[in-house]
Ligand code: COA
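There is one chain below, alone, in structure tokens, taken in the form predicted on its own.
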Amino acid sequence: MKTAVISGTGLYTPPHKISNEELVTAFNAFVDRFNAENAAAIAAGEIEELQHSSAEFIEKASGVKSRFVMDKKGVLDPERLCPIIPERSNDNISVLAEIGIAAAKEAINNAGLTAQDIDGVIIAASNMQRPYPAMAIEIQNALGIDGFGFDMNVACSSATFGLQTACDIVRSGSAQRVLMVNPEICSGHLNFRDRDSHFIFGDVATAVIIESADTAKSDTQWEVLGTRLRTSFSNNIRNNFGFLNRCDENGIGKPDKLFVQEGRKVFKEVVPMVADLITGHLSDTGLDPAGLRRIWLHQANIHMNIMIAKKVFNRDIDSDTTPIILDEYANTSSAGSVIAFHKYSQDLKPGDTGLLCSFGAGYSAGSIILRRR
């Protein structure tokens, strides 16, 4: 059995940034217009009056201060509150593949490789642009990779599930090097008219190179000491959009096929699930949590991350132990933990051990134990 290592990572950040204040201004303008247009029905008790949002509410609830998006104009238009991402012809590269390629090129370069060195491509993401052909095969073709590609979706845990899949492929000898990409255009699935969730997500793409240790030549390599996955069905985080239900019986698009969650239930149920997964994984691998130099958690909510980290370490934690990037990027679904790893791993020394963990809808959770070589 071969040893799998992470030898390179990449990050694509969209050009447009939206602050909480900008988002709130647009949302509150929509609320005012909605309440004015429906004043009679609200007075009659037929519908509920919408409430304003605030930058202070958003930061206190989530820790998010801003987010990057593919389109800013449409999101901040009170009459639209939805990104403008034009559909492309089949002859043009898809937008999801385009941002994935940008992250992939950086990861390949950081690993000291060329595209021709890669044997397989995995797209692991929540917000897929289409059912088929697979975006992974599209990226494979665009980069000139001679091998295979496939897409997989396990919501916000897609990256860790993709990492274990890539590691298993490399360990078995089926491929020497695998490119795992997480392109997430979350803004296209977010209901910007919902006060409780309009601030949650941002857009981004990340990429990771997983290869056999006996051929890796990168200056920075992370040995994968162990991987563990867990799923448990829940409706508390859900996105119902799909080709079977996008229109009603009259062919009219349904407005409710967007992200929805019951946040309090998610917090209560996911935090202990993830903490148990991590501590059990460490114990079975013969590692003490006190020996972890850093954990790179999924960036969904700052309170969840703090609570999980405290349960794992059994002490107060800081940003060095558990780096947070959601204040700048917001929740970027599967890419969040990879962003944290990409931006906050270079200072660790050979022999230092860290853990990358994701969690999300499903429920799903994944744990990847890493040691710098």
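Numbering starts at 1 and runs along the sequence shown. As the structure is a computational prediction, the values presented were derived from the model and not from experiment.
Although it is not shown, the form predicted together with the named molecule is what the next lines describe.
Taking non-hydrogen atoms only, F57 approaches the named molecule to within 4.5 angstroms in the predicted complex.
A residue is said to contact a partner when one of its heavy atoms sits within 4.5 Å of a partner heavy atom; G10 fails this definition for the named molecule in the predicted complex, lying far away.
The named molecule is not drawn, but in the predicted complex it has a heavy atom within 4.5 Å of V266. In the predicted complex, at least one heavy atom of I237 sits within 4.5 Å of a heavy atom of the named molecule. Contact with the named molecule in the predicted complex, defined as a heavy atom within 4.5 Å, is made by none of A205, I325 and H342. Note on contacts: among I200, V75, V154, I108, the single residue with a heavy atom within 4.5 Å of the named molecule in the predicted complex is I200.
Checked against the named molecule in the predicted complex, the candidates D168, D276, E223, D196 yield a single residue with a heavy atom inside 4.5 Å, and that residue is D196. Note that among 277 to 285, 179 to 187, 111 to 119, 295 to 303, the stretch whose heavy atoms approach the named molecule to within 4.5 Å in the predicted complex is 295 to 303. Contacts between 328 to 342 and the named molecule, taken as any heavy atom within 4.5 Å in the predicted complex, involve only N331.
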